[in-house]
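The chain below stands alone, shown as structure tokens; this is the form predicted on its own.
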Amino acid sequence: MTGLANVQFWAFVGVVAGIFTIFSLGLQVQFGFAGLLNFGHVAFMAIGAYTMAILVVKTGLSLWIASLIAIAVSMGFGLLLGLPTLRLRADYLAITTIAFGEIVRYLALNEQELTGGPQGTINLEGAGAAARYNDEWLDFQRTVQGWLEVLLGDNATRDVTMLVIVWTVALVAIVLLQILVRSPWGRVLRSIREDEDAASALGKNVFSYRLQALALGAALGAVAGLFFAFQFSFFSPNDFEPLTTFFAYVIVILGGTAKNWGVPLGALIFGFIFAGTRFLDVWPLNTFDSAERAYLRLIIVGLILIGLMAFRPQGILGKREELVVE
């Protein structure tokens, strides 16, 4: 790779890691702090991305208004999902949420007139029309890129600009979550995770707090979905398979359960393994072709997860006392 191409490639890897940081922060709230086994978290990412794209392409709504509505819709679905399910036992909750994620994906797959069907947003109101939701974002991105060119010169490419935007939002989200989890609200959430009967005996509305955690996690999932749409322009139901949720679990467990600053660390390690290793031309990776590396990186992710569970289940920054034990 040339110098600029190298910068571009690693900037792209960083963008993917940033998007997964925001996505996994939502799961951290639900699983790490509230103890909710949500295996359908990717549904909120899909709802955010598709809602924004549909509103912009089909109604001509402003990107920013459509994005806010998309976040609100995802939170609404989180509340609707939580109302009948949050009183279920952890294993039943896990089954219900993974079913919810698949329902959302199959709806996107079959509602061709609304979502573009299996072809995704490239088929939304005709080929190329789906890029309309990207126009306002590109204008904003060019403005930020102009500022960065003063500092970085020719290195201020599209991916580098996106890297700065995504990680700025991710870091702001982490700081806000840190403030929340150290507040009385966060302490109640932790107490519910540890012993919901004790929290209930102290007069805390366990159901309400869990519902709030699910809605907040859904909002963060939607924000990740928006950035996914802005980065890749075109997306399809295949981008929102259950595996994406399990990648978020890997990131949360890798960084440390209930450790917000562990999420970006886990996401960077995951991003390097998942996206970075595919094109690295170093031994022993250069002994495999591109297709073989695609499978190899999944094997590596699996081995890391098995190793963590065996030797450090609390993650890199986590504490054993923070583990969710049912």
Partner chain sequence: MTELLQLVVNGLVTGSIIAIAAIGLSLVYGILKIVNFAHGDYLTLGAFVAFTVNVTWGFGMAGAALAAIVAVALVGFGLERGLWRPLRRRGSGLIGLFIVSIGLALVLRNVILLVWGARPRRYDVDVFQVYELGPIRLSQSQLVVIVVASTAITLVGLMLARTRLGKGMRALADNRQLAAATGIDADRITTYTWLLAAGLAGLGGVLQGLLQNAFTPSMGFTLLLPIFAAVILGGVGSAYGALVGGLVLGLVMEVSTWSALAGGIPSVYKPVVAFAVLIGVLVLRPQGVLGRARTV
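Keep in mind the model is a prediction, meaning the values are calculated, not measured. Positions refer to the first chain, counted from 1.
What comes next is about the form predicted together with the partner chain, which is not displayed.
- In short, of 296 to 304, 65 to 73, 48 to 56, 260 to 268 it is 296 to 304 that has heavy atoms within 4.5 Å of the partner chain in the predicted bound form.
- In the predicted bound form, at least one heavy atom of Phe246 sits within 4.5 Å of a heavy atom of the partner chain.
- The closest heavy atom approach of Asp159 to the partner chain in the predicted bound form falls outside 4.5 Å.
- Although the partner is absent here, Asn110 sits close enough that one of its heavy atoms falls within 4.5 Å of the partner chain in the predicted bound form.
- Among heavy atoms of Gly117, none comes within 4.5 Å of the partner chain in the predicted bound form.
- Taken together, Leu37, Leu88 and Ile253 are fully in contact with the partner chain in the predicted bound form: each brings a heavy atom within 4.5 Å.
- Among the residues Ala219, Leu148, Ile174, Ile95, the one placing a heavy atom within 4.5 Å of the partner chain in the predicted bound form is Ile95.
- Contact with the partner chain in the predicted bound form, defined as a heavy atom within 4.5 Å, holds for exactly one of Phe240, Phe77, Phe100, Phe235, namely Phe100.
- Contacts between stretch 188 to 206 and the partner chain, counted in the predicted bound form as any heavy atom lying within 4.5 Å, involve Glu196, Asp197, listed in sequence order.
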